[in-house]
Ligand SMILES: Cc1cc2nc3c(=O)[nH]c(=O)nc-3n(C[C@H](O)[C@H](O)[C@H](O)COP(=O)(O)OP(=O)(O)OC[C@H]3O[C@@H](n4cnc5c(N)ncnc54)[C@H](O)[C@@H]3O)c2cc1C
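Presented as structure tokens, the chain that follows is alone, the form predicted on its own.
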């Protein structure tokens, strides 16, 4: 085992993913405690474009290693995992960590299987017990937090989106090109025939300054969808509780809580949300919380800075009427 910790830097459309910068925050603290070097690993077809990304200028790591090859222009699971597995074998790192993005969730299991090690998914907290890394994640329907550790190395995990705040380093990290052997197999069984941009709007819930969230107290999907109209007025994003997502009122990537996204907005408005712990742990760091609920004993009402004891549907309709006029 070497004196390094590896983090996967997802580089897509000439930009580093904010999620990759986010996971550096806890890993930096772990690397300092263990006196290990933290490396951000990026795969790209153009080293110059990586160097031009201003977001990397203050990335919280010691070095940025870039593997450059024309075959890395498009993301392909089999090739990317082969490259990253090779790098892991070269460095023998203490740990190899991925953001829980679509890419991260595709790559981490493949690499763990290739290396013959364990993998902990959707970790939302890290702590050290001596030199043992403890990884915490929700389990049993999000009712308890499991504390796990790995008996294999490298330690591998995907880190939950929005669970950590992005911090900047005090100095620009060194960006180096990492060369693979000349006889490395760059082939892939996957062929990219065409690319189309999704019509679905990008969800920026984890970084939103204003979050309007809804629970089953809104009574219907029709009422819940009105939150998107309110979010446009407030230049915010829409969040939801787990029961709302499971009821099909909105996509699961809008779920706030242990098994969803953690948010830290300046303003959080909760419509018809009782405030089960599975939800509140994902929004408890909001700067200002307004809760609208008929139950004055609801947990979210008790933790709110301002509570409106009223029917959430009626209050939402009233607010929208006032904004429109």
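Just so you know, these numbers come straight off a predicted model, no measurement behind them. Take the two forms, find the largest set of C-alpha atoms that superpose within 1.5 Å, and that set is the rigid core. Positions refer to the first chain, counted from 1.
Form predicted together with this ligand: not shown, discussed below.
Heavy atoms within 4.5 Å of this ligand in the predicted complex belong, among the stretches 70-78, 125-133, 250-258, 161-169, to residues of 250-258.
By the criterion of a heavy atom within 4.5 Å, residue 298 is counted among the residues contacting this ligand in the predicted complex. This ligand is not shown here, and in the predicted complex it never comes within 4.5 Å of any heavy atom of residue 179.
Contact check for residue 243: a non-hydrogen atom falls within 4.5 Å of this ligand in the predicted complex. This ligand is not drawn, but in the predicted complex it has a heavy atom within 4.5 Å of residue 293. When you look in the predicted complex, the only residue of 175, 119, 106, 210 with a non-hydrogen atom within 4.5 Å of this ligand is 119. In sequence order, 260, 272, 273, 274, 275, 276, 278, 279 are the residues of 260-279 having a heavy atom within 4.5 Å of this ligand in the predicted complex; the partner itself is omitted from this view. Residue 123: CA moves less than 2 Å between this form and the one not shown after rigid-core fitting. Superposition on the rigid core between this form and the one not shown places the CA atom of residue 81 less than 2 Å from its counterpart. In the core-superposed comparison between this form and the one not shown, the C-alpha atom of residue 217 has shifted by at least 2 angstroms.
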